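Quick setup: one chain, the form predicted on its own, written in structure tokens, and binding and motion questions come after.
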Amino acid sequence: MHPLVALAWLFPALTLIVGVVLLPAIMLVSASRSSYSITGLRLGEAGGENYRNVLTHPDLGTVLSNTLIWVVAVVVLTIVISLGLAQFLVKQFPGRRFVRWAVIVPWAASLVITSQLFVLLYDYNYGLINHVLTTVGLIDTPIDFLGDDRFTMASMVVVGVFVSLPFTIFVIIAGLNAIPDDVMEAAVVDGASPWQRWRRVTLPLLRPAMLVATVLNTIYVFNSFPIVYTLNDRNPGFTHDTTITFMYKLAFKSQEKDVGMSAAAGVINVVLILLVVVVYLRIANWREETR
């Protein structure tokens, strides 16, 4: 095929990549090295000052630890729970199709709507969760799930897992359906118990699917702005913020109100995500798993 013909076919995709990925990235880096007024007017070059301000911010340590807890907790719980639910959903039982459709709902719904629904469920005075817990006698007084520092992060993790399950379940279902029947039959003939078949046959053959689910969930959870912001917007400061809401507040809700600092935090956030993904892929030996 002539190179010009190939370029013509690739032109729409290349245009999309340049317009949606490359150009915004260049503008983000440019903004991170610029100085802005409180109204967002560009004042000139700032060099590396914005990066220094972000890296020396007194709340950066708290934000990074929150991000680590948030990402690890949501991704690990999502993978573990999805493994069990996916193996249940590949079995034949009455109403399986309806259950599979129902599982998709949290994924199809808007994250803001889902998060706001949980805000109502967690409400201190009128929330359904507190009502049920007090009615059955598990607690004497309502719990401030989103206002008490002891429960805020755990409450956000629950929502993060809830909205991450559908995608992960269906990725693992696809992996389970790709396992050849003759391999499982051979394990049965060899006398392997159900636990041995799962540990020595099913789980190793699921590793490519789990690799994809883990990487995509890590990126997705890292950048999950609607959940963290909607559940945590009532709390002042950065006590329960992650890097994605940290950079938003730097531009619009903190005392800094600095777009340049926010852009610098955005660049740092992208670098952190890439580092985490690269380290995970090296540990998981992704070339071998996806061969």
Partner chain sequence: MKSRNYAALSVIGALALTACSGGTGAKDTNTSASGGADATTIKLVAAEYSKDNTKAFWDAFAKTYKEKYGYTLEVNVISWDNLDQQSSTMIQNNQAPDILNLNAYASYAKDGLLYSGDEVLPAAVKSDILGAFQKSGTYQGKFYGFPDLSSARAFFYNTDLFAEAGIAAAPKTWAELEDAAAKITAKGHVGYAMPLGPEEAQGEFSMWLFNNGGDWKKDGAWTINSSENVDTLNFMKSLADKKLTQNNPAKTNRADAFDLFKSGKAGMVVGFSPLAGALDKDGKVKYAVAPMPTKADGGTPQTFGVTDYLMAFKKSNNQKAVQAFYELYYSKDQINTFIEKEGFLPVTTTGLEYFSKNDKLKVYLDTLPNAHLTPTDDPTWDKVKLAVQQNLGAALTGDPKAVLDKLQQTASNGG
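Just so we're clear, the structure is a prediction, and the values are computed from it rather than from any experiment. Numbering follows the first chain given and starts at 1.
One more form of this protein, predicted in complex with its partner chain, exists but is not displayed; see below.
Residue Leu216 is the only one of Ala187, Leu216, Ile81, Val90 with a heavy atom lying within 4.5 Å of its partner chain in the model of the complex. Proximity to its partner chain in the model of the complex, defined as a heavy atom within 4.5 Å, holds among Val63, Leu231, Ala46, Met247 only for Met247. In the model of the complex, none of the heavy atoms of Ile104 sits within 4.5 Å of a heavy atom of its partner chain. Interface membership of Tyr126, defined by any non-hydrogen atom within 4.5 Å of its partner chain in the model of the complex, is confirmed. Residue contact with its partner chain in the model of the complex: Ser30 places a heavy atom within 4.5 Å of it. Contact annotation for Ser254: at least one heavy atom lies within 4.5 Å of its partner chain in the model of the complex. Here the chain stands by itself, but in the model of the complex one stretch of 67-75, 208-216, 193-201, 106-114, 208-216, has heavy atoms within 4.5 Å of its partner chain.
Of all the residues from 12-42, those having a non-hydrogen atom no more than 4.5 Å from its partner chain in the model of the complex are Val20, Val21, Met27, Leu28, Ser30, Ala31, Tyr36, Ser37, Ile38, Thr39, Gly40, Leu41, Arg42.
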